[in-house]
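Below sits a lone chain in structure tokens, taken as the form predicted alone.
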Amino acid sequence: MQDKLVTVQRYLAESQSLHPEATGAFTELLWNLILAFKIISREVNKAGLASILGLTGERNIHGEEVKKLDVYAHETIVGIMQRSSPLCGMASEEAEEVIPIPPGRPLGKYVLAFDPLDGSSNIDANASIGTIFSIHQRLSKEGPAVRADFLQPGGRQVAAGYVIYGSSTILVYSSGSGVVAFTLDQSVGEFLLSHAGIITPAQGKIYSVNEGNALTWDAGTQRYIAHLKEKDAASGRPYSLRYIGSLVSDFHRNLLYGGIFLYPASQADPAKPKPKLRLLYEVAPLALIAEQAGGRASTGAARILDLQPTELHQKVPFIVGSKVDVERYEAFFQGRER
């Protein structure tokens, strides 16, 4: 039984050994990032006792109220990763500009983009929340990272993943060779391999969407949701609505069980549709995970991993999940459903 236990460190070391040209810098980057996840997990689990629930009284660059745990997660990741030599800079959903590596520290060839605490509106209700991360190789030749280093299509990501802080803490990760998941064993303080080679079902029976926004959806999305509520020809049942409101939680459930997550742009003003989710910090990394697991990620009109970012905090519509379900949504969105 003991021989079957694989720690995330062992997994990464064995993966590195498959690449004789590897310097170990990428592995070091991930080890440091995993340390940050462990610390955040510890604080999330005792948040009510540690007086870090609730609001700070401030708003972030998106105009959203900042939770104390948001700040803690952001500062933990930045504090640890600023001392990580493989990095030349970071970008966070909570920071307006590129976060530099302190002067005097060595600069590496990677950049890290992250959402420090996704689903923070659920913190005080003790619902699952998470961290999302994305890693690219820099485009600039030397010096501190610049904006262009982050403004790369998601298809160029070196690795991406997320952590769920819930009944257990789970790290889901891909470096372009499939998707694996590790569960944190609190008793020994190690992430252990719990899901090897995750493949999402080609079609699911779950849809995840905030139906409170239904009146602002485009006509194609409205027709698609109505279609899901009809009886399926094969099962005789409509799709089931499952929506937590924490992106990583809704995504993770559908990744394992099959289904579709939708956050289309609001069409309250048809001339200025307004999406909500951030391309660099949320959408692109989860799109990589979905595709590596056999799923699909789209805006309805374009593949997510092909999008060329133009801003650090750019927002896009996000439709992700089982391949058949997303392709069917695209047909409705584009007005070619049968």
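In case it trips you up, residue 1 is the first one in the sequence shown, and so on. As the structure is a computational prediction, the values presented were derived from the model and not from experiment.
Unshown form predicted in complex with a small molecule; subsequent notes refer to it.
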So in the predicted bound form, does any heavy atom of Ser175 sit within 4.5 Å of the small molecule?
no
Even though the partner isn't displayed, in the predicted bound form is Ile39 close enough to the small molecule, meaning a heavy atom within 4.5 Å?
no
Taking 4.5 angstroms as the cut-off for heavy atoms, does Tyr257 touch the small molecule in the predicted bound form?
no
The small molecule contact at Phe150 in the predicted bound form, heavy atom, 4.5 Å
no
Look at the stretches 105 to 113, 152 to 160, 219 to 227, 258 to 266 and give the one with heavy atoms within 4.5 Å of the small molecule in the predicted bound form.
258 to 266
Can you pick the one in Leu247, Ile164, Cys88, Ile77 that has a heavy atom within 4.5 Å of the small molecule in the predicted bound form?
Leu247
Just to be sure I understand the contacts: of Ser140, Gln137, Asn210, Thr183, which is the one whose heavy atoms reach within 4.5 angstroms of the small molecule in the predicted bound form?
Asn210
What I'd like checked is whether Gln203, Glu291 and Arg303 together line the small molecule in the predicted bound form, meaning each has a non-hydrogen atom within 4.5 Å of it.
no
